[in-house]
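Consider the single chain below, provided in structure tokens and representing the form predicted alone.
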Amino acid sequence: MQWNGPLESSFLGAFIADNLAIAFRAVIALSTLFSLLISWRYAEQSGSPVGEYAAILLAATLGAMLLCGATDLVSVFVSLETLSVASYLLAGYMKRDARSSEAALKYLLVGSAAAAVFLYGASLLYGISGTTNLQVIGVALINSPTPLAALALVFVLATVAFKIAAVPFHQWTPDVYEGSPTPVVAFLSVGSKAAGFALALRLLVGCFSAFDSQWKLLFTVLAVLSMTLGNVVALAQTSMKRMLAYSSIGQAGFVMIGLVCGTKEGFASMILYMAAYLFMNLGAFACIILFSLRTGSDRIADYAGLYQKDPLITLGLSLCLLSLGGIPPMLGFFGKIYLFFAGWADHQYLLVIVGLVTSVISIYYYISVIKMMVVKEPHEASEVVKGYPSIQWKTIGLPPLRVALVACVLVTAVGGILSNPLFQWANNTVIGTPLLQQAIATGGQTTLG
């Protein structure tokens, strides 16, 4: 399992460690690392065993990593359920919190339905091809595309859309994000989403190449709906976690632009933006967790005047939100520019225009939070901020959280200016992945698994 190394399948051909799998596994591993750092004090303060929490989070990480390289329907389902079941447990980890239990129940019910839908689609694929290997299934669908295969595509695409929280399969996201422990939400927003996009590439690009134009059309619709609804509804939110939940729906729409393109630039921009999203989103959640630990509040209005009491959290959260909005010279700006450039070069004008318009909308609600923290006069500060504990970072006693916060903010702020290594990494990922190279060379008609 080496970068640009010889490709050898594992687990009887059910898993492959190509550059694509390694790149997405790196994103997932970093999201887990930062999630553990920002959740250590959170778990201790809640009175929950840290060891059990870490074990469940690592189980979810294992499932997500296996999902990135799964090349068989059985391994895909086992990996998907390993990730999903662990995510249900994490969502309901705060047993004494009714909102956490409600979030876990909603996530379980919707996730179980998505798993059943995937199994039904997988059974159709097995019936058509007589095998569970994605490569062989792809060949069978090219040789004899049938209406049943189109039906299987709809079921599989629904599962993928659920995993990446694309509209209209997003209904679980706001409630689960609001009720779950905040460190869990940080992991779900990045690690689980990265695994979902890796699954989309494996299944849609590698297995359903015979229906290339059909699934790209469907994903175009999903991307437009996700960017529009996610960013518009986020405007009306009063909770930071719900705002970031709808923001993540919109961000998934941006990433789908690269998937629809199906070009080298499109695939590379997907991978690059997921890496950028890792740092700017987890940095924002680290600031939210630190504010919550000190005040117990999640309301946006309670951040009013925070600059007067804690300029460091204000600066970190502001930089991360500006990056999520695509303001130069932040890392998120270069990620979005690369996505829009790939979409425009592939004549995806509708997606690019919708992406630009909704990016402007997203800037409004991100700037509103920053304005709330910075512009308010001391007498206009919220009651929560007025009672903010006068604790300095040197004595706060949260070194893991500080490390994660500083690292994410630094990469978010400086990564845009020094983004060339990330560009090279994303391009090398595409170049070293036969699945993607074949799709690029043949315009989507690939049979590699």
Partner chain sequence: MWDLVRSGLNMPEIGAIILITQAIAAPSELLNLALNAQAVAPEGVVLLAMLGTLMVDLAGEKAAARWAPPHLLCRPRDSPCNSGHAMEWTT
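Residue numbers count along the first chain shown, from 1. Quantities reported herein were computed from a predicted structural model and do not represent experimental measurements.
Form predicted together with the partner chain: not shown, discussed below.
Trainee: Can you pick the stretch from 62 to 70, 417 to 425, 403 to 411, 379 to 387 whose heavy atoms fall within 4.5 Å of the partner chain in the predicted complex?
Mentor: Flagged stretch: 62 to 70.
Trainee: Non-hydrogen atoms within 4.5 angstroms of the partner chain in the predicted complex: do Trp215, Leu217 and Thr220 all have one?
Mentor: No.
Trainee: Spell out, yes or no, whether the shortest heavy atom distance between Ala441 and the partner chain in the predicted complex is within 4.5 Å.
Mentor: Flag for Ala441 set to no.
Trainee: Spell out, yes or no, whether the shortest heavy atom distance between Leu33 and the partner chain in the predicted complex is within 4.5 Å.
Mentor: Leu33 lies outside the contact set for the partner chain.
Trainee: Would you please decide whether Gln437 lies within 4.5 angstroms of the partner chain in the predicted complex, comparing each non-hydrogen atom pair?
Mentor: No, Gln437 is distant from the partner.
Trainee: Answer for Ile431 alone: is it within 4.5 Å of the partner chain in the predicted complex, judged on heavy atom distances?
Mentor: Flag for Ile431 set to no.
Trainee: Which of the residues spanning 96 to 131 lie within 4.5 Å of the partner chain in the predicted complex, based on heavy atoms?
Mentor: Going through 96 to 131 in order - heavy atoms within 4.5 Å of the partner chain in the predicted complex - there are no hits.
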